[in-house]
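Just one chain follows, in the form predicted on its own, and it is written as structure tokens.
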């Protein structure tokens, strides 16, 4: 059984890592963008970002003043058992979020949408978001902490089958240009594209694509993988760079996830992760061992399964 006190201490560490330490894959992506950037102001922004990352890590302070909205992605092996059960797990993640907000510190961004009630701890009704996934084997628990911007950088459009790939590209460019001109996202960023599902599922697919895949990871469908690369190249060819300045470094990588949808539609969601790409991951075992990593490893073959049954091999 996985000890709940280990879950709490791990969650606290992950909240700090996600706020302060840049994942290796994204840091490499930013350095590549900085080397390739031709715009003066965009180059300045990218170099400033790299310097800021080092300062944040040295000083153990959040790399951005706006630490977004903390959220959790939780994955359990089928044999995993947690002390106190799933309610205890959720309570522990909420407690760790509130404690980390005060101790790291994080900016307390969560308020009631109507009354603007603020408990100064990023906790409230339906906050933080905790999403669950499962795997057919294993007795471990994976925790992924993500500090995702909670305002702009996201859009949705109902496309139709006849729109095809060109319709996907058109909406992709519409989002990038609008966000760049209006300052609605912090570029450069990892972009997540959700295709299909119903509307709410489409948004989930896109956000997970942005937050839970690493730079350089490709969809196992070769044609989707090719489209990911094509969209990245397209996004970096519009004349915009870091923070919307003139340049050619708008996109670090593009990830696409799909879900089966209604026959008459082709839903599409667009999500820009923060330029800080704040995520941290760990696997907890029943004996109390904890393995930290930066790759969430969320999209396994099981998560993308198409069949009714899943063979246990």
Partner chain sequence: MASNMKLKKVSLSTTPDESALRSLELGNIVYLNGLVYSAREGAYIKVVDEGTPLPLDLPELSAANFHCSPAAAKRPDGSYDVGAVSATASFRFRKWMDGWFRASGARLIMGKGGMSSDDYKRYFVPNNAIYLTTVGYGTGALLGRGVKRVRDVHWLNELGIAQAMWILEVENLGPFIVESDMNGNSLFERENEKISAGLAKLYEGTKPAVLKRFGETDDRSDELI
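Numbering follows the first chain given and starts at 1. Because the structure is a prediction, the values reported are computed rather than measured.
The following text describes the form predicted in complex with its partner chain, which does not appear among the structures shown.
(request) Decide whether residue 39 counts as a contact residue for its partner chain in the model of the complex under a heavy atom distance cut-off of 4.5 Å. (result) So residue 39 counts as contacting its partner chain.
(request) Give a yes/no on whether residue 160 approaches its partner chain to within 4.5 Å in the model of the complex, heavy atoms considered. (result) Yes, residue 160 sits close enough to its partner chain in the model of the complex that at least one of its heavy atoms falls within 4.5 Å.
(message) Taking its partner chain as it sits in the model of the complex, is residue 174 near enough to touch it, meaning that at least one heavy atom pair lies within 4.5 angstroms?
(response) Residue 174 belongs to the contact set for its partner chain.
(message) Using a 4.5 angstroms cut-off on non-hydrogen atoms, would residue 199 count as touching its partner chain in the model of the complex?
(response) So residue 199 does not count as contacting its partner chain.
(message) Please identify, from 220-228, 137-145, 68-76, 185-193, the stretch that has a heavy atom within 4.5 Å of its partner chain in the model of the complex.
(response) So the stretch in question is 185-193.
(request) Spell it out for me: taking its partner chain in the model of the complex, does every residue among 102, 120 and 238 have a heavy atom no farther than 4.5 Å from it? (result) Per the other structure, all of 102, 120 and 238 touch its partner chain.
(request) Name the single residue among 251, 266, 62, 272 that comes within 4.5 Å of its partner chain in the model of the complex, judging by heavy atoms. (result) It is 62 that has a heavy atom within 4.5 Å of the partner.
(request) Select from 84-99 the residues with a non-hydrogen atom within 4.5 Å of its partner chain in the model of the complex and write them out in sequence order. (result) Counting only heavy atoms within 4.5 Å of its partner chain in the model of the complex, no residue of 84-99 makes contact.
(message) A 3 angstroms or greater change in CA distance between residue 159 and residue 182 is reported in the model of the complex. Closer or farther than in this form?
(response) Here the pair is closer than in the model of the complex; there, farther apart.
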